[in-house]
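The chain that follows stands alone, in the form predicted on its own, written as structure tokens.
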Amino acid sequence: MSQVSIVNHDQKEFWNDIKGKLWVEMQARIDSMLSPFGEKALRTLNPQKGEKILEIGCGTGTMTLALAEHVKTSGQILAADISHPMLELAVSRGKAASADSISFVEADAQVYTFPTGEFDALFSRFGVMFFENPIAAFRNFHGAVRKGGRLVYVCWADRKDNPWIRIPTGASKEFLEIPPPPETDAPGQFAMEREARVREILGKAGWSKIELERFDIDHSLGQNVQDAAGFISKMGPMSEPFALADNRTKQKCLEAIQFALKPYENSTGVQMRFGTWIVSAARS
């Protein structure tokens, strides 16, 4: 695991401080929530034995291990992330699984010098929405993939179609200083919510055969409102201000989130809508 130059300094700081540490602590819970989306993107990619795959934003390594299972020992995975604490866990999990086909790099993928034309495919589960210059980033990835290679990633779609994050964040604003949402198309969770923006980025970066498939599901945020509120307060946009708040403020915030989530609670848990894009493209 090596380090290189950084241009996305805000993202480097963000994912190496409280946020990155929280995601490490909640790795199993977050992976459980994101599992349907990663699995759908993996089916779309359809990785084959012996392939070389570049993974962007590998996080704690769950999809990295899944990719390695598909390419077998004759294939290779290069997994990149900007978060040191998350990568440490990913490396540890890779070693525990004896996944010798995996290499990790701590890097800002927008500017990292990947091997030219080396990879059969690029894959990402929610790891491509935070680039300072997404066109430059995807142009960099384009150079790393061989001619005829492919790209598949999953990202969040329209924020109005993601009440699982919008509603609890709104409820917490009365008690926490939540950072204002990024401007449209700016780096952040919903940077690629617009289909036209995705097509513009990939087209200008040199990709062809660009396709977007909506993948929306009703999915569990928790076993009940208490469970869901406790989880989202550590995982969502309110996670940093919540972590820094005093106990009384935290309790009031949790109560407000629980109240907001109550209409979505039933016998199967807190069921809410999750909206994503499954994006695919090719290098001509």
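Start at 1 with the first residue shown and count on from there. Note that the structure is a prediction, hence the values are computed from the model and not measured.
Separately, the form predicted together with a small molecule exists; it is not shown, and the next lines address it.
Checked against the small molecule in the predicted bound form, the candidates Phe175, Phe190, Phe104, Phe126 yield a single residue with a heavy atom inside 4.5 Å, and that residue is Phe126.
Though the partner is left out of this view, Phe138 does not reach within 4.5 Å of the small molecule in the predicted bound form, counting heavy atoms only. Residue contact check for Leu65: none of its heavy atoms lie within 4.5 Å of the small molecule in the predicted bound form. In the predicted bound form, the small molecule sits beyond 4.5 Å of every heavy atom of Gln271. Contact between Ala90 and the small molecule in the predicted bound form is not found at the 4.5 Å heavy atom cutoff.
Within 4.5 Å of the small molecule in the predicted bound form, a heavy atom is found for none of Gly222, Ser233 and Ile257. The stretch that touches the small molecule in the predicted bound form, counting heavy atoms within 4.5 Å, is 55-63, out of 211-219, 55-63, 236-244, 39-47.
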